[in-house]
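Form predicted alone, single chain, as structure tokens, below.
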Amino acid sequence: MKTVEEINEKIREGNVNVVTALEMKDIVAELGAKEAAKEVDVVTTGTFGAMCSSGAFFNFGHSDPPIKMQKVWLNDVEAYTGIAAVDAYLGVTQLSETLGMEYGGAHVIEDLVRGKEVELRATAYGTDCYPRKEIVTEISLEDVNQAVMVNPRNAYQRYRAATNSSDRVLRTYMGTLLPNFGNVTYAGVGELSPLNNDPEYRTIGVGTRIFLGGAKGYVIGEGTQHAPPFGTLMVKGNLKEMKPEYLRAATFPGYGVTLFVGIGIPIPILDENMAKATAITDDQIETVIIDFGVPRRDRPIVRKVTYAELKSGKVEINGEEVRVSPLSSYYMSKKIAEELKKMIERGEFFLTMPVERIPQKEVFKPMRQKEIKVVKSVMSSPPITISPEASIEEAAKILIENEIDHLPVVNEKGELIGIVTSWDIARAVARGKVGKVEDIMTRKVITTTMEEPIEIAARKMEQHNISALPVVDKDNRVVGVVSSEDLSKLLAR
């Protein structure tokens, strides 16, 4: 058994044996874990992916006259200021107030690391000791006193893959998901990811020195939503020492801004068990593919899958071959592991043991809510419907007599086959059109169900620019109608 102190002494003497996690698989396969533990001192890991839970604290220094910043913007991206007078925290997902999703906190951070100046604008209410109420200036990383990257949740051990069973394109934090199981996306790099190489968190914990954004950083605790085997890390590092190559801003179309962060962690091979842990391979790392077509907190699991299958570029769903694409960069992750290896070999990076271990067991709880309001609590029922064979005049009469604007069209079994609105009637009359309801009805109908939360129903109306949804059961029979007016009344209660 080795100690970190002994390994650090080897680093000082220049005779430490460092390999990457990819190289370690072959060494253990050839020598066995016991002999590999004698031969290898350190295994380096790496990951480079979108890590939305990231950001940086800034201390801007005091202006003259001084200001107690109540609101702060960097290039029109607002930072959080509920702390000291000239301190602020900029989250990477915060959007620009003028450019929206084209530019956000991640872009500000990348611009600063690239050496660019950004506009600092701040307002305040003014006090006797901080009389100034407004300031606008330009700053760079050299101008601020501190710029400390503090990321509440990075380096996911593994991540759920995503697909989409619905009939429309979805824009998500897992990228663009094509309809009808058209693709699968996944995050993480499997056998190269740091926490997969130390699944019991023996050497990765509070105080572990890491490679963060091209500089030295530290683990400062378990990350938010830490729930092994979906472990996460909270990390910090000096933004002024980081390199833009390892911090890249990005926009997920239709979703928002994020920051790709490069993290590498050295694993000291203390004994045979650590050698065995670092020999893990992609076919041993499982995750699940979940269905984003169901817009609920607990999305259905489509199937289990290994990272080996995901990395193959295709998986099978319902008997069909589905294309798979990664959201993390394997190339950059491998480069980080190799760069960290060189830093240790050059004597530029020494290892630390955790001063406190992160939890091996943790349950991630959902938000406690007073209630979840669903469609059946606000829908109009029983529904007023019409046959496709009915005349346009008859439809107009029903709409007027019942003071409604939407008529679901049903067949003899009560199944929804279309919808006709007062607008359809008015347009038909204006064009002098006479005939049956089926001649003017909309056949592709957006629907909801009784148990669907009202927020999801409202989102459907907004996305499709419509003002009502037929409510259907599992057999597509109409059981009610919910309108934007129903939702407005609910909000007014």
Partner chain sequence: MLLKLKYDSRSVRAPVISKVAIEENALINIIEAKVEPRYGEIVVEVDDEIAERVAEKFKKYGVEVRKLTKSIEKTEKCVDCGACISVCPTGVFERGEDDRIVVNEVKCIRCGFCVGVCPLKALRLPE
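Numbering follows the first chain given and starts at 1. These numbers come from a predicted model, not from an experiment.
If you look for the form predicted in complex with its partner chain, you will not find it shown, but the lines that follow are about it.
Though the partner is left out of this view, Pro253 does reach within 4.5 Å of its partner chain in the model of the complex, counting heavy atoms only.
At the 4.5 Å threshold, heavy atoms of Ser329 reach its partner chain in the model of the complex.
When its partner chain is considered in the model of the complex, Ala124 lies well away from it, no heavy atom lying within 4.5 Å.
Put simply, Ser377 is far from its partner chain in the model of the complex: not one heavy atom of it is within 4.5 Å.
Highlighted residues Leu178, Val184 and Phe260: every one comes within 4.5 Å of its partner chain in the model of the complex, counting any heavy atom.
Site annotation in the model of the complex: the residue of Lys240, Lys342, Lys334, Arg299 reaching within 4.5 Å of its partner chain with a heavy atom is Lys334. When you look in the model of the complex, the only residue of Ala249, Leu270, Leu416, Ile404 with a non-hydrogen atom within 4.5 Å of its partner chain is Ala249. Contact with its partner chain, judged by heavy atoms within 4.5 Å in the model of the complex, is confined among 220-228, 345-353, 321-329, 135-143 to 321-329.
Annotation for 40-68: the only interface residue with its partner chain in the model of the complex is Phe48 [heavy atom within 4.5 Å].
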